[in-house]
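For this one, two forms of the same chain are given in structure tokens, first as structure 1 and then as structure 2.
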Structure 1
Amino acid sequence: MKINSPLEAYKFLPATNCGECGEATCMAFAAHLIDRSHKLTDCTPILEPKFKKKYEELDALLAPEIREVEIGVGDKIAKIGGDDVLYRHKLTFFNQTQLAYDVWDTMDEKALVERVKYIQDFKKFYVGNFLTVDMVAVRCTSNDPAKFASAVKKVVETTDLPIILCSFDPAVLKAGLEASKGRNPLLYAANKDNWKEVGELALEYDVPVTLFAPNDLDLLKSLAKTFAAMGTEKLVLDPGTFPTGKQLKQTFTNFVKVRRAGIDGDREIAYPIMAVPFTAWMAHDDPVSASYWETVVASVFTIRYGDIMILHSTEPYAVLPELHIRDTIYTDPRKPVSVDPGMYKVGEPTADSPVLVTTNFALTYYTVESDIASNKIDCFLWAIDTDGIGVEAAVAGGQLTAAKIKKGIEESGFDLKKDTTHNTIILPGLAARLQGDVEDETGANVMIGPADSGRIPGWMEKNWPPQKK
């Protein structure tokens, strides 16, 4: 049974307080084992032969409730599963949903390569990071192993993204495996008719495999037990994705049942789950409706336990909602999203340029920076360390104070009196009550800017440069 307490983990550690793990005490290290910010192998003493039994016991007790499965190789490897909780606020969700977009073997070669490159290169900058898609799913629509192998070969030559080989025909899958040797693709899929042949392929090539049992959880569990008995636990479960009506509700229920059973300790079904929002294209003839419902289904199962998905529409209006909701759900609630505190230059500021203060909460910082940069305002932007908390909350909670602003200025090495001609700081409107304290702490002139950074351009026109006193 999994342990969730640092004290329980501590009992298995050598308790030398050697510090080789980077922590001052073994208890501190145990706490990091529980929240998965450290690995057990970071503890050098427990790797000694005399502690082998304790290492093996603790390693098993720390293993996630849902098995982690790896797809692909190298820097682009996709990890799915590995969760311990049903609800993010109880800990966090660890491996974000992997989004695979399809190509098919009856495509013209040029169109196939262009689509793969588009999938590979798609990215959107958001709150300090680029949102990207993860995988390519190669579908066999020709029923021809040779044609499928040719398409798979072209895909692996074009991208290093992980791939999914999609067919219920074992001969087709074998051809795809031969064309993608060394790439550790995911097989899709084994079902009640082909399980033996596909299972043998998964074992022979040592690759992960999806088990498909639409709306039949008993069959799904039976397949999982059978494959485990055959010798592989590199399994992904597909309970079927029905994109409309009562069947969509049943799909939702099935996902919850499978994940709840796994979290509650049923190891026979504790595997990552696949959703296939692509099925919306089978239920809707109109491309606009199909794309819309595909995005809706993807969003639903990003929230409810879909560890990997196969999708079709690569239009930005479909992909961006999928990426944004995934980024939101898989943001670690234990860690505020923040930027490094410090002085940042926006544009090409000079000694006459304004100096603005904000917090290091990433959403606040990048909103302010974007509003300034898009209006071509050259300035210095100070991100004060508020533990990743926004302006209004940081002022109320004491994370943004005059002393913190002074400290941030001093640590940046920026001298307001020497490096500017105006010795002036502009505080955000929501921090107006700090004006007097900041003036006393820093000796600088303090102006109060707008509460909304979108109004900075208009405010600058009226108030900058400051009038000399």
Structure 2
Amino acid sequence: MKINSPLEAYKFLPATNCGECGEATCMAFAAHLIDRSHKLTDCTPILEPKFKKKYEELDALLAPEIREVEIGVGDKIAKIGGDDVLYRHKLTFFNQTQLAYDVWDTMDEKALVERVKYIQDFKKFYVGNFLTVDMVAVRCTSNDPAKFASAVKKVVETTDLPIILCSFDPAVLKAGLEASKGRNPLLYAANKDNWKEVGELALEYDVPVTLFAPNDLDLLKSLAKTFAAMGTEKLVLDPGTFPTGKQLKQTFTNFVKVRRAGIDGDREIAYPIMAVPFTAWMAHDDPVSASYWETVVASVFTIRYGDIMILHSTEPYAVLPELHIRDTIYTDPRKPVSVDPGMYKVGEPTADSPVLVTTNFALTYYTVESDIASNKIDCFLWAIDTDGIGVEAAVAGGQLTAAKIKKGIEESGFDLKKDTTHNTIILPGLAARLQGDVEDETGANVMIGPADSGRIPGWMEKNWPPQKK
């Protein structure tokens, strides 16, 4: 983005405060253009012919520094790039890193289909949603175009996920493109030897293409400049991911340099970047060591500017942290982290149902809620206002106290004595030290639940309903 203040964007808007965009004023809309929570096309008046010039000027000013590239089609289409800042707290990072896991054309068909399905179906619940992986990379290890085409065909039949076609042989890539027509795959890769042919394929089939120049940023930039002149800016840059030692340090430096140059306004190199943590497997024989190192390299380049990556290990101990670190870096740091404090009914609670207490930290709340709901436990769940801090820290920092719990329950209009048959509160295990105080403040019985809400089901079986004293 060439501008960064709402005032600069406002100058181009119709300034009629018509409200069509859903905002009361054009200035408010301008602020949302800058933080990218609204699109310019949400302003219907500016789309009128008389504003054409202003629309075009503002559209160009609002375009992200790093070009956005699309891979795949339909619901599963993946967008990469589109970033404007080097540090996520300054705006946010957009279009999270796309994680592609590999298959190869010398796999037997059954194993290939199984692996693709596993990749496609992998999911992990997190804060009200599921984390999933994104793509399948098909590697040509046979050097046989026909074999590659049949593997690609099988992948395309099995999944809607976007795909990456991996070979340095233009004949192989062409066969892969034929087998995946209409799926807008990413070509991997053009290098210093094959760029003419691969470039022609990218243009002919109108697909995005990766430029591979291991540890040679001059070459990488030359390739990008040449491809732009040939007529495509649907480019992804791979500066090479070297898996160990000083080469890995150099890789890190290259990623930082390329992204900084792009954000600083060097249009010739302002494209999404690809990392290939897969290369960890070229440095380690033992699968656990290789998986660990692959995950470590993937984490480094999720944080420092990898927009898409190709990986090999599909072990959950590798995939889970990869998914979580990606979510960590791409979560908008400006968004509130809390849910509204108050009483939430989970399932269909009655007067006999348990009363549980947690905090209004969104992560804690959703974790507890999903653990209870998925185990079909009907209960009342209180999100106590801890300023959006989790249980353990809130107890230590004084944001979760007996008085706060009492206030939280009372303010929701709930009467423990009248509305329950048991007059009992269950505190999180990590708030055990509040037990006495809560008993004194509320006059209720207080039970200490497990330290992790994942254990609530087992705890309920043993401890609920409470024995009459």
Partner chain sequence: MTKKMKLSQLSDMLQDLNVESLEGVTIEGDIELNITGGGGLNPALAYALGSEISQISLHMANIGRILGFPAEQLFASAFGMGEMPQPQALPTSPKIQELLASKFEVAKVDNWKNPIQEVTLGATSGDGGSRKSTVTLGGENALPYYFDAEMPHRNYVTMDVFDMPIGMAKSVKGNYEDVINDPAEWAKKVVREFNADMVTIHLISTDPLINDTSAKEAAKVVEDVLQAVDVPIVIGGSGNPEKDPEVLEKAAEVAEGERVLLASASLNLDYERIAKAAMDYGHVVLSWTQLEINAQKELNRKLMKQCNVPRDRIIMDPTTAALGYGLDYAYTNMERIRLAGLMGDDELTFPMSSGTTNAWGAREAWMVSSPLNQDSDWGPREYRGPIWEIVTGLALSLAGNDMFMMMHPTSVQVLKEITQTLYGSIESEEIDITNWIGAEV
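The model shown is predicted, which means the values in this text are computed figures rather than measured ones. Reference numbering: structure 1, starting with residue 1. C-alpha atoms forming the largest set that superposes within 1.5 Å between two forms make up the rigid core.
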Check against labels, form predicted in complex with the partner chain ends up as structure 2
Relative to the superposed rigid core, does D218 relocate between structure 1 and structure 2 - that is, does its Cα move 2 Å or more?
no
If I superpose the two forms on their rigid core, does the C-alpha of A451 end up displaced by 2 Å or more between structure 1 and structure 2?
yes
Please state whether K52 has a C-alpha shift of 2 Å or more between structure 1 and structure 2, with the rigid core used for the fit.
no
Superposing on the core, what C-alpha displacement does F361 show between structure 1 and structure 2, in angstrom?
2.8
Any chance you could measure the C-alpha shift of A403 between structure 1 and structure 2 with the core superposed, in Å?
13.3
